[in-house]
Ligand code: AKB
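In the block that follows, a single chain appears as structure tokens, in the form predicted on its own.
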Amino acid sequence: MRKSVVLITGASGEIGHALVENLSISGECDIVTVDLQDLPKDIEAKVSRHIKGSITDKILLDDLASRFEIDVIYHLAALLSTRAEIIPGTAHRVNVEGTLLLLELAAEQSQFRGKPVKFIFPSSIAAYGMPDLATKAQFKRVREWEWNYPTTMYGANKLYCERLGIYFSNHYKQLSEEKPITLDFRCLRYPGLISAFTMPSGGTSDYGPEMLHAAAKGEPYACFVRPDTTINFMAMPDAVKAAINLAHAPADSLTQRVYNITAFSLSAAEFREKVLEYFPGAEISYKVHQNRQGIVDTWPMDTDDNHARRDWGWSPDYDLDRCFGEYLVPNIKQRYQ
């Protein structure tokens, strides 16, 4: 008899790591993980099985489906924005084709179980594409269905996978005589995520955390966007909390498949001022990288998350002051002591 489990892809990343920690504490499910990397040592014992491999490997996924009955999939594995621009073909294979294979697995499992598999998918503000700065200034809080014209491979991948998830949930095998049991796709559009425990990896929204890490190390930093550049951000613990809360929300309370979530919005200059509050001697200047600036300019200043607040009670724990004062600064200072 197959064992019922929660599947987490991309589990060695920070969201995956924290998800394993949170789900293992509750003890309500066995956890199976998939990643190209080994799991960090501190969570190895908290999962039932770790499978080292790629989500694009159909043989691996078929074997997984034959061994386990999957209740929930947290699909975190992806090739992120900066690398996706360098190797767009590989990004498409990982971000789109890998997601499609997992959606097919979830659809088959839903049929076998006789009830939907929940499929939790992290999307991004990169799914938006504002045409110019005047439009961005006019539409300050963008809703889920507005300005979905991404200009990056990563954003295009995410937006298309959102549509794939909606198809598999709402329209899968719509010409069949018997209506199939479909999966339950639930998507979060994240803002720029800020972590105290991992180094920024060159992402397009990483100018904020890069300022902070450089200041903590006593190193000068040249910000690659203009001082007026404004987008929304979120502390990593809130990103994890949102994924778990959306997975636990009753299906009949949800009115859409894709939800914006946000915590606070600020400009690069305001981010710099916040860093200087805690590191008064920090040297933070500006050296604009025109190509990266062009990408950030297509993202909204903020997103409207009223639907998430209404449907499943979303509310961030960390506003700007608490994010810096209680989460980022104490942990980053400790990291570099």
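Numbering starts at 1 and runs along the sequence shown. This one's a predicted model, so the numbers in the text were calculated from it and none came from an experiment.
There is also a form predicted in complex with the ligand; it is not shown, and the following applies to it.
Listed stretches are 253 to 261, 204 to 212, 170 to 178, 129 to 137; the contact stretch with the ligand in the model of the complex is 204 to 212, by a heavy atom cutoff of 4.5 Å. For the candidate set Ile87, Ala222, Ile166, Leu80, a heavy atom within 4.5 Å of the ligand in the model of the complex is found for exactly one residue, namely Leu80. Of the residues Ala242, Cys161, Ile125, Ala106, just one reaches the ligand in the model of the complex with a heavy atom at 4.5 Å or closer; this is Ile125. Heavy atoms of Tyr74 never reach within 4.5 Å of the ligand in the model of the complex, leaving it off the interface.
Mapping the unseen interface onto this chain, Phe119 falls outside it, with no heavy atom inside 4.5 Å of the ligand in the model of the complex. Residue contact check for Phe185: none of its heavy atoms lie within 4.5 Å of the ligand in the model of the complex.
Residue Tyr154 is the only one in 136 to 163 with at least one heavy atom within 4.5 Å of the ligand in the model of the complex.
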